[in-house]
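Next up is one chain by itself, shown in structure tokens, the form predicted alone.
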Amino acid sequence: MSTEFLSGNHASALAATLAGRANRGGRGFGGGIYPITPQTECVEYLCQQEFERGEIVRVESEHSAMGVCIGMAFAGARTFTASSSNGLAYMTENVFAAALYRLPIVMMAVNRTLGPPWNIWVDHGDTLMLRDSGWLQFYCENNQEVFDTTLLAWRLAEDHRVLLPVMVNQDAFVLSHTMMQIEVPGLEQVERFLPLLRLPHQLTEKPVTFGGLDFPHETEVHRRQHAEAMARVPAVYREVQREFEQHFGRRPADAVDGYRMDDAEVALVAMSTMSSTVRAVVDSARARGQKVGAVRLYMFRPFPEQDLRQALRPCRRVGFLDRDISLGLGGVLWAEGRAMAPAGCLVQNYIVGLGGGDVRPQDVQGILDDLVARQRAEEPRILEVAT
């Protein structure tokens, strides 16, 4: 194990490199890549690596990048790509195809505001628009978690009880271009954690058709199988957590990560890097005698309904902080999570940091003050913060 000083982009690319080399005794490693700010540093780093078996293919578009991943995955290779924002939008058709083909592809997505108007800063709307695509989704809080999640994603995706692609998400610039110290295992450690990929439906010399026309009943069967695989993910993930800790000495976060929630009457729920700021505000509130806690969703798909319901059980007031907006509805995290709050609980949505505005402790403190003073919940509040 070594310690390295890496950006979020390079952490993801290094994890992919180690995972790719670990499959050299199988069908190798590869993927299609196309640059888009702010994930370009990831694929540039990856292109500089050498693989004993397989290759990184430079293509002309994000749609083609996922197409290459689909082809390589069908051939039995361990596959990876990265994208962001409008690149993900252009890739969407093949994002759905990869999941419906049950291919264990891993994609690193740097969360960036969808345009126009053009904006290169963080917003979770790009990956959340793909929440119904059949991919697993994880939202990372720091660069160590980016590295670890990228690595464990293949162990989870390639498990025959799952066989679904995984999206590893990190905030634009806040993580993608910020340098942090991370612990990096050696290749032998990674090989012990990641067995060779054995895709049960990989292409062979025997002719077979994929993606043909489904009649209604066949589609019902395929969707049910897909849903059943998603339902198995939480239990499999807990196994992967334990195995990761045994191999590397670090335990990945729970799907729902509660902080000072045992007796919390008020809770703030968030994802990704905002969670760190929320915890700092919770500590300050606790020092003043307020029974406040924080909840972070690390896994967003499959949605950890029971874990979130359990975390919020003691609460009388819950504020959901969304760095996204579903126009005509409100924040996506709030929309999906509000029903998990206890009966009679006041639940308010705060949409904050859209387009990359800094969400500072004073901003979160203002949200907490508003939540505590409320007599009733209102429509989602869109807050402006300083840039």
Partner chain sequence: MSIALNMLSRGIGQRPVQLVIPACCGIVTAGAFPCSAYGAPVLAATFASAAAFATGLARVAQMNGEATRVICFAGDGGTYDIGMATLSAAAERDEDLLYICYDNEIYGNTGGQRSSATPLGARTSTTPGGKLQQKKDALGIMAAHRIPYAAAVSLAHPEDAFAKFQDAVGRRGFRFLHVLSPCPTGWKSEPADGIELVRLAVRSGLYPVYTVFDGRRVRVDVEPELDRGALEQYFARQGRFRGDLIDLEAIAAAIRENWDDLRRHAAGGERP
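Model, not experiment: these values are computed from the prediction. Residue numbers count along the first chain shown, from 1.
Omitted from view is the form predicted together with its partner chain, to which the following refers.
Taking the partner from the other structure, its partner chain in the predicted bound form has no heavy atom within 4.5 Å of any heavy atom of residue 320. Though the partner is left out of this view, residue 71 does reach within 4.5 Å of its partner chain in the predicted bound form, counting heavy atoms only.
Looking at residue 29, you'd find a heavy atom of it within 4.5 angstroms of its partner chain in the predicted bound form. In the predicted bound form, at least one heavy atom of residue 101 sits within 4.5 Å of its partner chain. Only one listed stretch (184-192, 230-238, 202-210, 255-263) carries heavy atoms within 4.5 Å of its partner chain in the predicted bound form, and that stretch is 202-210. Just one of 283, 214, 245, 305 comes within 4.5 Å of its partner chain in the predicted bound form, counting any heavy atom, and that one is 214.
For the residues 196, 114, 97, 129, the 4.5 Å heavy atom test against its partner chain in the predicted bound form is passed only by 97. Using a 4.5 angstroms heavy atom cutoff to its partner chain in the predicted bound form, none of 35, 38 and 47 count as contacting. Taking a 4.5 Å heavy atom cutoff to its partner chain in the predicted bound form, none of the residues in 152-166 make contact.
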